[in-house]
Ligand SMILES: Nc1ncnc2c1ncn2[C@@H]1O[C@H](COP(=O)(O)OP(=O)(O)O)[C@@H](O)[C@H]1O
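Okay, here we've got a single chain as structure tokens, the form predicted on its own, with questions on binding and movement later.
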């Protein structure tokens, strides 16, 4: 997984990356990582290990304090504001705090990325309606998101992140506020999106998800990054990690 940072198949690459806030110690140090196009990884680590910091560099809201970060082959340290905006359009993000527009309906929140891209409104309505039905929110389609429960808001946020089939999907604890049945249904949505070519990174504390969906794991500990690959137990369809 860790190869030359110029690997042409990579969508995200980091070389000797460190990040700190203010004058404090580095939260992450000497991170080396290449995520290939179409890969799927979990991101794990204890609270405070740096998962959100790593994701924030991936979705271009935070710059590394040192090292090289490339997104779609572009060194983001030297990208101007317009270039960064174009790169962000290729990235879907599910935030822990949802970041929905609470005065807008579930439908309009999910439709926003498609409307920004200028999609025909008939196609927008078709896609959004189908997706909200799939995540079991078709009964809440016209309700302001301010009236929804935490789990419902989470599903709206996920639908918004995946509606335009981004090239990269980054999700910070996307199943944290839903029951196990919905969690597995959402994971299947991520898996299907991945099969279409989207590179997926999901930060999670759920050992059950990691076991039931045996993908490689990016694990943060003591400011460093290790990669664990699953050993699939074919008879029961689950995995352990080496």
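Residue numbers count along the first chain shown, from 1. Since this is a predicted model, take the numbers as computed values, not measurements.
Keep in mind that the form predicted together with this ligand is missing from the display, and what follows is about it.
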query: Site test, 149, 156 and 177 vs this ligand in the predicted bound form, non-hydrogen atom cutoff 4.5 Å; finding: no
query: Exercise: residue 46 in contact with this ligand in the predicted bound form, heavy atom 4.5 Å; finding: yes
query: is_contact(residue 27, this ligand) in the predicted bound form, heavy atom dist at most 4.5 Å; finding: yes
query: This ligand contact in the predicted bound form: residue 53, any heavy atom under 4.5 Å; finding: yes
